[in-house]
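Below are two forms of the same protein chain, given as structure tokens: structure 1, then structure 2.
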Structure 1
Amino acid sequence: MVILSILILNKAGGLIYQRDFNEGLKKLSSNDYLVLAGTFHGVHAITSRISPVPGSGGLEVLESDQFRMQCFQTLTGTKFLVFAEPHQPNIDVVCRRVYELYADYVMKNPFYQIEMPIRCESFDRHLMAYIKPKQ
């Protein structure tokens, strides 16, 4: 399983965390990542309203020939986006584990301000320890 990138969006659609795990990815500017986060937030909101399935939470998986994107939205509206190689199984499990790490090392950090960019060394370290063996 190859994880390409992880993004975390706050409930307003703002990018609060972004990390690439693959050296071969085209580097985007920080502004491009902010635009990507805002665009995904809007598309997610629209798809949750036009879905024919009652109670649908919106866009969860987007798969192309180049990548697979999996979204996990928490009850508070925080979205975890995991980009992986196409046809990768169990990406939803990775999303939930990233959420667990976020809950343990970001939300329990007394210096972290809710909805603000994540700057937590212990979260980075544990996330890297979880993702690295999957590469």
Structure 2
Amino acid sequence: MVILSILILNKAGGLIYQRDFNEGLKKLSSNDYLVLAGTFHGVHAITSRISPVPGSGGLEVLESDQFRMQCFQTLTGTKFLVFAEPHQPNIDVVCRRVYELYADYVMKNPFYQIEMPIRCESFDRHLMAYIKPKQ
């Protein structure tokens, strides 16, 4: 399983977590990622608006020549963006697992301020262990 990187956005579209796991995407500055996150949040909202079929959710999968991004939006409005290689199967499973880890090591941490950037070392550790088990 080759995951390139993961981003987490809060309800308002602010970036609260960004981590690269494998080579594939360019290295951008943290400001760039913030802007990207904000743009994506807006685009996500519009994608449900322009739907030809009424009652559509927002964007779920984004494909390009070199990567594939899956956006998992929770009922609470948090978005998990998982970037992987184009033909990587089972990204849904990865999204679910990351959500579980988030629910455990971030939300259950009483000192984590909701909607703020995630600085939980245990979340990082467990996530890394899950995504890149050999390292």
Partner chain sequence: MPIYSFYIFDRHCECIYVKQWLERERNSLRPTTSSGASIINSPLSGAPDKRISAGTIADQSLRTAPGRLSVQDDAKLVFGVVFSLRNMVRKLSGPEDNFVSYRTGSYKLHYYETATNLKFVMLTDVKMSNLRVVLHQIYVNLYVEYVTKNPLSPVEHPGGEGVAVELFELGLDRFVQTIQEA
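In this text, all values refer to a predicted model and were calculated from it rather than measured experimentally. Under this definition, the rigid core comprises the largest set of C-alpha atoms superposing within 1.5 Å between the forms. Every residue number counts along structure 1's sequence, beginning with 1.
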(request) Would you check which of the pair is the form predicted alone? (result) 1
(request) Would you tell me if Pro110 moves between the two structures by 2 Å or more at its C-alpha, with the rigid core held superposed? (result) no
(message) Once the core is superposed between the two structures, does Gly55 show a C-alpha displacement of at least 2 Å?
(response) yes
(message) When the rigid core is overlaid, by how much has the CA of Glu23 moved between the two structures, in Å to one decimal?
(response) 3.8
